[in-house]
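This document starts with one chain, in the form predicted on its own, laid out as structure tokens.
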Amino acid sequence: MELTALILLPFFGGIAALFAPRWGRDAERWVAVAALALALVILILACLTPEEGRWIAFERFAWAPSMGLQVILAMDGLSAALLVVSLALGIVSVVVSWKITEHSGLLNAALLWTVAASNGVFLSFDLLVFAFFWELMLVPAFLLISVWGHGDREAAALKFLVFNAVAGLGLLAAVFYLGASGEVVTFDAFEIAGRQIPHGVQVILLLGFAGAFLVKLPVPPLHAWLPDAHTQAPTAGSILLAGLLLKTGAYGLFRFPPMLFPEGFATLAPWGLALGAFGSIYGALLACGQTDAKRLVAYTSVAHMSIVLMGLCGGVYFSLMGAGVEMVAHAFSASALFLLIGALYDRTGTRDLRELGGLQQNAPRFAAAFAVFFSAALAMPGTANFLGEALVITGMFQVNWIFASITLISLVVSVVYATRLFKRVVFGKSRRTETLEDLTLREMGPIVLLAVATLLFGMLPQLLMGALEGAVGAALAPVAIP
């Protein structure tokens, strides 16, 4: 029952956090940290004692047999890596929100429920249960933006909800069709993967799945919700958006199209490559023109996740492995940049690059942290981001040299926006007269954790690549039977 616990612990921990403020000062925060830490320990123990075969752990039990509904949870190396990211970023989000006192019980509950729903997405192989967790993610994320956000937060939250809810309808329709089209009604992804679905039907159903995944990823022109959501969200909301919700879109594309619709995926993959190539350049160019630091990082996410899309649609070993590595690496680096920008905003009241500067003089820990994660955003050698993007580019050269060249051009553009952000924030003279407080010990903890992960997987690539081997092999050989 380890996998079930990874969903239920954050969920019931969230309910406990909701009522915990009446138990004493900071009780809701400690409850949230304890629930996530316990889930992380259970996950590590499960990974240390894997079952035989492809899956580290596998659970199946009936939920509503008369409806053909089961709970099927399976964890391989890809799921395990993303679950570690989910639980670790959940703890980081609680820590960075420690000083927020407005509705703090509901805030910590929303953070835990976002983690619980994401864990459900990363583990579920009953398609209706997967779709349930997919839609459930939207509720706590909507609350995080609309209640604790900044500026025009209600409009940003509504845009996030409308984009993702409408796209999710296509996923739901495809899931219902798949469940009802067999001899027996079932939503078991492994059983559906063994069916002979006509090619044209595969293409139509895949479009339903892909619409939901591409909005969440996101890639242009389906990305319009992301810059506003990131800009108006609180720091913890931005961390979970960049580190978790975007990764659920990439995870869905990694897992289900090759497994359920192999012929349809082969037909649509060239369009995915073209979309990814366009998004990598488009996101990088728009990032160069931003003056709001958060909005700039949001557009870099569009560029980097478009490279992930190219890796997924490349369909060869190196591109798929690169996409998996980049999903994890981007979760670390983007979350850390949003954390740093949020901490800077709390001190200065602005994210405008024209009003910032001088961190290397006034706040050396801030400057050092920005340097590490700017290097990751640039995919500098020694970082996990370099490993991911180098693998994708290698795979692209095996598929099509034009797409490989476009990916390289997007990396050149990334030098422009990353150095511009670094120069504006770290170098030059401070444009503010008041003394700027450097990073505190509480803020340094998450930063050190994310920096160690970024550098560790960059310096020792086999640690992460070894964990992803099984998932990459399954995506290359689509029909997976447990």
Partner chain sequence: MPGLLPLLPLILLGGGAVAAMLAAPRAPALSRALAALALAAAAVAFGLRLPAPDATFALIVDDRLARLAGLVVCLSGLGSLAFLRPGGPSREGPALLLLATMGGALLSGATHAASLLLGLELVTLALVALFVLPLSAVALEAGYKFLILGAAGAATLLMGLALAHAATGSLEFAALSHRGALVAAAAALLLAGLAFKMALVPFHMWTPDAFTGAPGAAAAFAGAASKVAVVAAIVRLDTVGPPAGWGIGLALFGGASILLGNLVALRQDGMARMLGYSSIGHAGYVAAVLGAGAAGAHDAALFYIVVYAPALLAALCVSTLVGPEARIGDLRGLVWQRPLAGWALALALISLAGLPVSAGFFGKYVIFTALIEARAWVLLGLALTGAALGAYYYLRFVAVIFRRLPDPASPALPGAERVLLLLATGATLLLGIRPDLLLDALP
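All of these numbers come straight from a predicted model, not from anything done at the bench. Numbering follows the first chain given and starts at 1.
Below, we refer to the form predicted together with its partner chain, which is not included among the displayed structures.
Each of 67, 136 and 161 comes within 4.5 Å of its partner chain in the predicted complex, counting any heavy atom. When its partner chain is considered in the predicted complex, residue 153 lines it closely, a heavy atom lying within 4.5 Å.
Put simply, residue 187 is close to its partner chain in the predicted complex: some heavy atom of it is within 4.5 Å. At the 4.5 Å threshold, heavy atoms of residue 146 reach its partner chain in the predicted complex.
By the criterion of a heavy atom within 4.5 Å, residue 370 is excluded from the residues contacting its partner chain in the predicted complex. A single residue from the set 172, 402, 316, 409 has any heavy atom within 4.5 angstroms of its partner chain in the predicted complex; that residue is 172.
Comment: its partner chain is not present in this chain, but in the predicted complex one of 206, 106, 71, 390 has a heavy atom within 4.5 Å of it, namely 106. Exactly one of the stretches 328 to 336, 245 to 253, 95 to 103, 348 to 356 approaches its partner chain in the predicted complex with heavy atoms within 4.5 Å, and it is 95 to 103. Along 176 to 203, a non-hydrogen atom within 4.5 Å of its partner chain in the predicted complex is carried by 176, 177, 180, 185, 187, in order along the sequence.
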